[in-house]
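One chain comes next, on its own, written out as C-alpha cells in the form predicted on its own.
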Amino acid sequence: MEPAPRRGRPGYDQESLLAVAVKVFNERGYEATSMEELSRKLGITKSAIYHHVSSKDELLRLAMDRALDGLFGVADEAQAMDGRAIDRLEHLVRGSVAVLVDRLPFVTLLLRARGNTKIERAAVARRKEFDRLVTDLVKQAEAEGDVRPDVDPAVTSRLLFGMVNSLIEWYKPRSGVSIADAVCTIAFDGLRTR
C-alpha cells in the first residue's frame, strides 16, 4: 500500500521537485549537490523541500526507481509475450528505447550511477538483473536459430544495450523520427541469422 502523498508548498509537488532535483543531479552529480543548492534552484526553503521528501537520498531513490520500474515493466511485457525469443528481444529493445526517451533525465542519472551510495548500489544490482534478462533472451533466440551463434550472448546483450544506453549522450527528440525503429534496424539486421 502506497503511503499518502505529502502535502507541500504551493508551486511544487513531489513530481516537479523530483524533476528539478534530477536535472541538478545530472549537471553537478548527486554527491556534489546539497539540499541548500536544491532549495536555491527551486526558490524555496529546505524545510519546504522536506514537506515533499524526507531526504536527498529519497530523491535519488525515487529517480532511480522511475527509470528502473519503466525498464522492468517492458521486460515483464516481453517475458509475457508468446512467440519467438527474437521477437520478445526486439520488443524489449523498442520498449527500452521508449522508456529512455520518455524518462531521459531519470535514465541518464541511472546510467551514471557507480555504486557510491547504498541507493546507487541497489540500482546497479537491479541493472545487473535487467542485463541477465536480456542475456537470457539472446540465449533463447540463439537456441531457436534466430541469432548469430558466433558471438557470446552476454557480449551481444551488452553491445545491444550499449547502443541503447548511448542515447543519453546524444539523443534530442525530433518529431517524425523514430529512434526505436533506427536502433532496431541497425541492431537486428546484424543479429539475425540469414
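Quick note: we count residues from 1 along the sequence shown, nothing fancier. Everything numeric here is computed off the predicted structure, so don't read it as measured data.
This protein has a second form, the form predicted in complex with another copy of the chain, left out of what is shown; the following refers to that one.
The listed set V151, I44, L62, M35 contains one residue whose heavy atoms approach another copy of the chain in the predicted bound form to within 4.5 Å, identified as V151.
For M163, a non-hydrogen atom is located within 4.5 Å of another copy of the chain in the predicted bound form, even though that partner is not displayed. A residue is said to contact a partner when one of its heavy atoms sits within 4.5 Å of a partner heavy atom; S16 fails this definition for another copy of the chain in the predicted bound form, lying far away. Interface membership of E120, defined by any non-hydrogen atom within 4.5 Å of another copy of the chain in the predicted bound form, is ruled out. Within this chain, V183 lines the site of another copy of the chain in the predicted bound form, having a heavy atom no more than 4.5 Å away. In plain terms, the part of the chain that comes close to another copy of the chain in the predicted bound form, with a heavy atom within 4.5 Å, is 141 to 149 out of 141 to 149, 35 to 43, 49 to 57, 62 to 70.
For the partner-free chain shown, R112, R114 of 100 to 116 come within 4.5 angstroms of another copy of the chain in the predicted bound form, judged by any non-hydrogen atom.
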